[in-house]
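What follows is one chain in structure tokens, specifically the form predicted alone.
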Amino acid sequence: MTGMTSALQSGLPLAAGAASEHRTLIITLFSVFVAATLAITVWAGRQTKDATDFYAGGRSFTGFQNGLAISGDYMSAASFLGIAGAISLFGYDGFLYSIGFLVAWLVALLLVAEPLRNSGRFTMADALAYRLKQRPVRTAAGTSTIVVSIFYLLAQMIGAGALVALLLGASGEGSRRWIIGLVGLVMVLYVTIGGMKGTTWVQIVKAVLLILGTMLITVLVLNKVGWNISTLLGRAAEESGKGKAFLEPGLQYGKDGTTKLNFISLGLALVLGTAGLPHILIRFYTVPTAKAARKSVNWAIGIIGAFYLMTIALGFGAAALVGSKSITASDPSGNTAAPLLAREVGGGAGSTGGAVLLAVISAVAFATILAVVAGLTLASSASFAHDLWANVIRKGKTSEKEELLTAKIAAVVIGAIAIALSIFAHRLNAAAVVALAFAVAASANLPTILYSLFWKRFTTQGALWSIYGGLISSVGLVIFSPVVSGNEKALFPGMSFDYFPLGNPGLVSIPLGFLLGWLGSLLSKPQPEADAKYAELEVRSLTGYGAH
């Protein structure tokens, strides 16, 4: 989380107050939450017998259960901590993240959920490889899945490490690195022991806890302002130090031409990115039918919608009751706004109520992070084992046991990469990092998925151009953007190679991904059996006939 380390080193009031006086209580409550979720994982792991269990939870979950699990997967540290922080510091402009994340589900529901469930088996590449050349397409899709997952992992890992450091009262770079390492270890355990079954049940439990925790804070915040939302917004504007501007567009975006373009770029990435996120896409394979997949998305939209409405109370409540100065003093990007608000509505610094609510909300936030991280690691390790190892490197000549072992080894390696990268990314806002993952997913994955499902003329060359073009352009533009260098909040603040002015590459890389897919297809000859294959895929994707 951005700036959390500096907050720890400077003797953050949260740690110094409630955490030091009630640390035993906080650690006990926190440990109970973690132990409970780990126990669920071990229980589910004993029921994992084959690849279908490990990758798709045996396709045994109902639409409602999968809807809860999707919600648990989607409502990440960026949603709970990052968006609350963004709203508490930027008001109206911060709330745009909530709107973007929610609206994105309509794209997933209307265009992707049902046909993708019918077309694939375990991963996104299964659907793509059905009508295109297996090896090159699986290589490209597997690479893209791993890159998107690692981007998404960064926000979760830093959040988890900083949150635990905050509760333990730990300070210093060394302590934070050890904590991030331990979080990574727990994450790998979740995946290797529980597979999709364990991960799904943890996500279900976590979604329920997160909704209940957010509802509790919302009720307490509204009670503090006499159940008057106008009073809440008025106090938030006053305490922010920015007056009416806090409740109007333009505080973060709209200052000049660049920030306006950055807003459009962010909006594109948020709205289109969800339908290309690997860890969300594999959730559609955990239900037995396409109807259940559609039902699960309907449930997810309702649950996620309710949650994002409550982020108004979290963000504006933090601005009104904690104050922007106190929030930025603890964390310049506002990622500690929700825990600080929990302490405040629970009774304030030093109170038992404040300490208990702080521990509960922090534990829920940590469970949130672990569940999302487990889902991401599972998606990327499954893609490596099933797409790259089994179908590309071994050319289909591998046993199920060997493939599962490869997936577990891949989970360890991807976890290690995420740990190593997250140590350097602590200055970045969680929601902003996740928005980058959305941009990469929308640039590389979404064009290929849509073209494959709905365009008869789409070819293998078009798929490769689209995936690699979208991937290289989005990641390349991020590298040369203000996110990586050129300012004090960047990944490398001492360097300056920010030649691309926008903080999110979506405005350029998403249209480019679609353009390259179209151009690559037109400049190549379709395979002789392409028409027949597309006809088969069309029937299968729309009706479910022949689906696994």
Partner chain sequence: MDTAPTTTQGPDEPDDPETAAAAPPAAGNDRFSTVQSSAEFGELRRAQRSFAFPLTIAFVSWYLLYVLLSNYAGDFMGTTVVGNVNVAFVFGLAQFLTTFLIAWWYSRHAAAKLDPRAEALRARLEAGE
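Because the structure is a prediction, the values reported are computed rather than measured. Numbering follows the first chain given and starts at 1.
One more form of this protein should be noted, the form predicted in complex with its partner chain, which is absent from this view; the next part is about it.
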Query raised in the report: Among 434-442, 397-405, 270-278, 341-349, which stretch has residues with heavy atoms no more than 4.5 Å from its partner chain in the predicted bound form?
Result: 270-278
Query raised in the report: Here the chain is shown alone; which of W201, W389, F95, F366 has a heavy atom within 4.5 Å of its partner chain in the predicted bound form?
Result: F95
**Report entry** Residue (of L464, V478, L453, I179) lying close to its partner chain in the predicted bound form, criterion heavy atoms within 4.5 Å
**Finding:** L453
**Report entry** Interface membership of V137, its partner chain in the predicted bound form, 4.5 Å heavy atom rule
**Finding:** no
Query - its partner chain contact in the predicted bound form: N223, any heavy atom under 4.5 Å - result: no
Query raised in the report: Is there a heavy atom of V539 no more than 4.5 Å from a heavy atom of its partner chain in the predicted bound form?
Result: yes
Query raised in the report: Can G354 be called a contact residue for its partner chain in the predicted bound form at 4.5 Å between heavy atoms?
Result: no
**Report entry** Residues within stretch 273-298 having a non-hydrogen atom within 4.5 Å of its partner chain in the predicted bound form
**Finding:** K291, R294, N298
